[in-house]
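Here you get one chain, nothing else, as structure tokens; it is the form predicted alone.
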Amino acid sequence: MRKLLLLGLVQVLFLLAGCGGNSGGGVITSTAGNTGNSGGHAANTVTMTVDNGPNGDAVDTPFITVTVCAPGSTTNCQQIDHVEVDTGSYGFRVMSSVLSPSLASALQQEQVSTNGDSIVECTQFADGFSWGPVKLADVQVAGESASNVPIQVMGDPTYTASSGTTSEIPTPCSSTGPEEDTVAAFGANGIIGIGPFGADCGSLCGTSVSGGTNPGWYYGCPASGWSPTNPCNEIAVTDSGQVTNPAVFFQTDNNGVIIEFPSAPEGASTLTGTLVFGIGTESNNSLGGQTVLTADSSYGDINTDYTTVNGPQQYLPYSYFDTGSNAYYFSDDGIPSLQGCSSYKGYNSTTPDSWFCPASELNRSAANTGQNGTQSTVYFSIGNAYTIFNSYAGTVFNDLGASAGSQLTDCASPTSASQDQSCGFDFGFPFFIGRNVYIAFAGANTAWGNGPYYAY
């Protein structure tokens, strides 16, 4: 997940509230047995809507409605609207502020088996972090449901105490970027990560915290009585206890998803698509003539060869497809961005962002290669984000791009996370417009082979 907000144009985007979709942060208390499925849809499908989000400033962001219930209950449930669909992360997360008190108190807290501490997660997104406890909930999407799913409750005030200059949020977490634990900061009421893996961290988070390989996402925190002398401590959590993609727990239709969006004119006010669960499990999710690109079994990445505007070709081994990114993100020093965009209306010199701003729209291409050796060339365009936002009062843009950092000459052996970022091509939401994109989960069996793979 990666997002940019053009700060200088926020007031322009707020004007879209009356133009498409529910722009409020509404959270609907559901009735017993309500699955959140829309009439006329198959049980394994749910409508995705691209609109301006609960804050009125979202662009290229797909949302669905998810029903959350207390474990085992069919009455203590809520429908949570404006849940972002993110194929670049894993697991369901919901803002604490949107949960009703009755549901929030009924969600079961995961605990450290040795001392009873609460398990709390620091989720590290590309543009910030989220801090909140891991709890068990029953999750329903359309006609699909899963029980006792580990989810994260983002921004739960029970775990945000402070004393003087010391915060309950550990410094290794808070130093990773801005905190995004409010609807205003995050831009959604929740997020459902349906990328190619189930658990959000995998085996590394299950390794010893003293071994140097654990990335430090999970902590054990005192259920009460936090203090600087009784802090949260980094812990190891195995896959079964980690925040997990609910779709892998569905009874059927649990081997992957399909993202389906029609074409849309530049600057459309809204766009409606379909999220389909399962690949080859129903009459509506068979693979047709799409090209199958198998992904790395550890990271879910494919290889991309991209020739920059100034000529050098880049080999990018950490590339992926991400509905949670609202633009194409890649490195190309030949396309103006950052200070190079300062002449365009909307540029903010105090907090310069990395939108691409070429003088005229650029037609580009990238050659993707799966681990199976199959290749597919993607053709796309990159427009000037500043002129786009000033020209269209909409939320759907098929040519938004942004810089992932300075381009590198050698990505065969990156030595840092920042280099990993520059050595990948993030095919964000614009890639999905006008396509059906299949994402098979790692280890899952399909008629077209085992996941992880992408097909489009």
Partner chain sequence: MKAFGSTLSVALALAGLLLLGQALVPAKAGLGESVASVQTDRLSLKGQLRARPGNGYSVQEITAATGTVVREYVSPAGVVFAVRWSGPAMPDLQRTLGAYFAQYQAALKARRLAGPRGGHNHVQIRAPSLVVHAGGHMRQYSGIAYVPSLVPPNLSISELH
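Positions refer to the first chain, counted from 1. Quick caveat: nothing in here was measured; it's all calculated off a predicted structure. If you superpose the two forms and keep the largest set of C-alpha atoms that fall within 1.5 Å, you have the rigid core.
This protein has a second form, the form predicted in complex with its partner chain, left out of what is shown; the following refers to that one.
- The stretch that touches its partner chain in the model of the complex, counting heavy atoms within 4.5 Å, is 120 to 128, out of 99 to 107, 120 to 128, 250 to 258, 221 to 229.
- Site residues T171, D322 and T409 are all in contact with its partner chain in the model of the complex, judged by any heavy atom within 4.5 Å.
- Although the partner is absent from this view, V59 contacts its partner chain in the model of the complex, with a non-hydrogen atom inside 4.5 angstroms.
- Although the partner is absent here, A199 sits close enough that one of its heavy atoms falls within 4.5 Å of its partner chain in the model of the complex.
- Contact annotation: F389 falls within 4.5 Å of its partner chain in the model of the complex, judged by heavy atom distances.
- For the chain shown alone, P178 is a contact residue for its partner chain in the model of the complex, at least one non-hydrogen atom being within 4.5 angstroms.
- Though its partner chain is absent from this view, in the model of the complex it lies within 4.5 Å of a heavy atom of just one residue from P358, G132, P150, G88, which is G88.
- Checking F380, Y299, Y306, Y159 for any heavy atom within 4.5 Å of its partner chain in the model of the complex turns up a single hit: Y299.
- Interface residues of 323 to 341, taken as those with a heavy atom within 4.5 Å of its partner chain in the model of the complex (partner not displayed): G324, S325, N326, Y329, L338, Q339, in sequence order.
- Once both forms are fitted on their core, the CA shift for Q251 between this form and the one not shown remains under 2 Å.
- The Cα shift for G72 between this form and the one not shown, taken after rigid core superposition, is smaller than 2 angstroms.
- Core-aligned CA deviation for D117 between this form and the one not shown: less than 2 Å.
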